[in-house]
Ligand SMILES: CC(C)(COP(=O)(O)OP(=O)(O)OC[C@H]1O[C@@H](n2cnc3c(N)ncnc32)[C@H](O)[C@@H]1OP(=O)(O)O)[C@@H](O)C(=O)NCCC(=O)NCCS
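The chain below stands alone and is given as structure tokens, in the form predicted alone.
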Amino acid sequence: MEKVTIRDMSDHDLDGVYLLEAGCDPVPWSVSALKYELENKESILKVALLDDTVIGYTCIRTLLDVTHVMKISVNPEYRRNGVGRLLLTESIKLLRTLKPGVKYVTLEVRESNYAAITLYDNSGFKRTGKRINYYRNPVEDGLIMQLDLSIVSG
């Protein structure tokens, strides 16, 4: 695969990120929701670019001493090529710099999303619970996963 660039998301990326969202998620975030996260000082947003085209993005947000992975989305054409891992790794690296007191990163993932679950398993996340009927379109349970930053290098 060609060279993918990971960088902080900016206002200029909002349209491209929204197009990605609308094509990947049955319940996409709106442009205003994306803008809210971009302006939230507790959020870290990264984009993956290929030839100046957004092919992925991530949003993580901290509340007190816990950070939550709000979204990781990758264009289906580029999945299983390490783009999600790059986005997650770069976001957590920045998190460690900006908020060294954060101990845990949590997330929910659709029970049927085996590729994402594998990414999280391989990144050191552990399954800690389940949210019944957490997702809609279609209705599905969400696995709760957590990364303990004190035992993961990086």
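Numbering starts at 1 and runs along the sequence shown. These numbers were taken from a predicted model, which means no experiment stands behind them.
Beyond the structure shown, there is the form predicted together with the ligand, which is absent from this document and is the topic of what follows.
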#### Entry: Per-stretch contact check against the ligand in the predicted bound form, the hit in 60-68, 37-45, 82-90, 125-133 (non-hydrogen atom, 4.5 angstroms)
82-90
### Task
Please pick, from Thr106, Thr53, Thr118, Ser112, the one residue with any non-hydrogen atom lying within 4.5 angstroms of the ligand in the predicted bound form.
Thr118
### Interface residues of 46-63 toward the ligand, as seen in the predicted bound form [heavy atoms, 4.5 Å]
none
